[in-house]
Structure formats: C-alpha cells, structure tokens
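Just one chain is shown here, as structure tokens, and it is the form predicted alone.
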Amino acid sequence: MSDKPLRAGIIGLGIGAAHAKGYAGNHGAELVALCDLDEQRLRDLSRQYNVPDKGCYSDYRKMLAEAKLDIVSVCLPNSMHAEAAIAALEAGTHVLCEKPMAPSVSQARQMVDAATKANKQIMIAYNYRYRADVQWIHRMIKSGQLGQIYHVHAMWRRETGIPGSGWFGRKEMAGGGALIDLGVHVLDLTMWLLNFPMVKTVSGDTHMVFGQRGLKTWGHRPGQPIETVFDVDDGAVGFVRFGDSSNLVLEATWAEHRQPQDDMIHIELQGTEGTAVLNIANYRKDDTLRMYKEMEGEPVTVIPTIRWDGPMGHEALIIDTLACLRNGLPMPTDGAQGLMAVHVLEAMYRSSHEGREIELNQGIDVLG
C-alpha cells in the first residue's frame, strides 16, 4: 500500500458532480482533473473542489494524455461509456463507469477485455448498494435470517419522471428508457443481494405510453411538446429465472397514473425463514424497512431503526473503491457484475421485441 494519493479525474460533470465529493474528501485520492463541454459547469465545479485551471479540459482524450491519472470516472451518455472507458484503460487508468455499463453486451464485453489487457480495474457506479438500509438487508441475508430466498419483487416506479430534454429519451444515446435507467439499479441490487446466481431465462415487455405525447415529463405542462426525440420505453416489466430456482419480477416506470409526485423504490425478498421489504418513498431515509418472520408460532413484524451516520451513495462507493485499489482487494462493483446486468437488460429488450422468453444459461458470462 502506498501513502501517495491516487490522482483522480472525472469525465462528464452532470452525474459526475456526485463523484467529486468522494475523490476530494481526503480518502486516499486527489481530484486533479475535470472534463466537460459546458464551460460554466466546468468552471463552477473546479472552483468548488479547487481543481486548477490546468486540470480543466473539454477533450477527455487530451486529459487522459496529460493529467497522469490513476483513476477516472466516466459519466457520459450511455452510448459513450465504452469509447471513453477503453481510452482511459489504454492510457493506464483505472475506470469507475456510471451505470449502465453500456447499452449492449458487445460494448460491455469490450470494456472488460480492455481492462484485462491493460491490467487495470473497471468498476460500475452502483451507488444504491451504499444506502444504510440496503446494507442492513445484505447483512440479514448473509447471516441467514431470511433462509433460502425464492422470490424477489423489485421495482422503481415514478408517477412523473420522463426527461423532457437531453439525451435520456434518445435510443441512439441511451440504449433504452426507464428499464435501462431505473431498472438497472433494482436489478443490480437484486443480483448483489442474491450473490449473483446464474441466470437461466429472461422475459420482458416494454411500453411507450406517455413520452411521445409529451405527458408526465419533468419541467413541462401536460401535452407540451418535448424538446428532443423520444423513442425509448417509459415503462417495462421483466421476469428472470435463476439457476438456484429463485426468481425475480422487475418493474421500472418513468411515468404512470398513480399518486401524484410518487417516486418509489421497492424491493421485497421472500425467504423460507422470513421476508425483508425495502420501501424508499421519494428518496427518504426514515421508515424504509420491514422484516416479517414467525416466532414461537406467531407472525412477527420487525421494524429496524437504522443509523445513517457516515458517507452514503456515490461518496461511499468511491471511498470503498479507493480503499480496495490502494490495498489490492477485490473491487466492490467490478466489470463482470456490470456485464451480467447488461446481459439481462439486453435479453429483456430482446424478449419484448420478439415476444418470447430468452435463454441465457448457455454462453452468459458467469461470476465465480
């Protein structure tokens, strides 16, 4: 282990701004380079985190050539993840890539192969693993409190949440809509909580109900034309059969008719010895957990009180990633995990298009 701080950079300062706090928080790294095409955003973030002018770039390839980075966050539109990540890996830099890893399996596999060839690490920014309530469920599962989990119902559903501008609604840039944007988070949480079981079959169905009509978009009145192309799903449902006989029902919606302003992440894990329920309403931290068990022949409801001290989200993810890099430990969100999620998402879109169940137990990358 070296005491020298890792030199860190960020490409894309939209969601990339959430990465800055982790790198700049005296956790074994120094934020030395930022890259964005928006000059005002670049200037504002560089001042906030004391990045010198010489560390500010509008061309990430120039940044990679000049800044001598140890790690870089890739926070660009989905279609640009592979190109930027591979360039960084070939420049000798570890990569933390925003989710989803890529819009296609072929691109995600190229990223993994590039990391192997360069002998560098590629990680995926699955920040929701680092909520205190999610960590508590993870500990309960590992300790056997739920027994054998046989069914998971995971969803992220919004009443209104369609991006009315930018690249999110363009398939060419995003690769998909609500499923690839929101669904990837609850899919990853499920796979991680179940310790990455083999995926046997995948079914999916997507719909495009509101977005093309200019309905339920952020920052717009109903029916007002949106400012960009919208050709992606605004809702989806999927079903996954795992090799250990467990299964997953997944739902992801940017928009639907439900309680106004509702934005809900809900994951229910049913086990032979108990059921754990995570219910995050509008990003709240209070009263998000329930566990249901039977004790001495009677049903019991457990309502945990969770301590929310310490870093969370992207900051906690980056702190963990930096510690693993500095100490030579396995990466917490490695590229193989990101690739597996892309396999499942791509199969759900294919299933929706072809109207049939897709088998993945032959040829899928297996985590060992």
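All residue numbers refer to positions in the sequence shown, first residue = 1. Note that the structure is a prediction, hence the values are computed from the model and not measured.
A second form of this protein, the form predicted in complex with a small molecule, is not displayed here; the remarks below concern that form.
Checking 261 to 269, 132 to 140, 96 to 104, 200 to 208 against the small molecule in the predicted bound form, the stretch whose residues place heavy atoms within 4.5 Å of it is 96 to 104.
Distance criterion of 4.5 Å from any heavy atom to the small molecule in the predicted bound form singles out N127 from the list Q121, T288, N127, S246. Scanning L37, I303, A65, L329 against the small molecule in the predicted bound form with a 4.5 Å heavy atom cut-off leaves one residue, L37.
In the predicted bound form, every residue of the candidate spot (R41, D181 and H185) has a heavy atom lying within 4.5 Å of the small molecule. Proximity of F239 to the small molecule in the predicted bound form: non-hydrogen atoms within 4.5 Å are absent; the residue sits far from the partner. Though the partner is left out of this view, I15 does reach within 4.5 Å of the small molecule in the predicted bound form, counting heavy atoms only. Using a 4.5 Å cutoff between non-hydrogen atoms, M80 counts as a contact of the small molecule in the predicted bound form.
Looking at N26, you'd find every heavy atom of it more than 4.5 angstroms from the small molecule in the predicted bound form.
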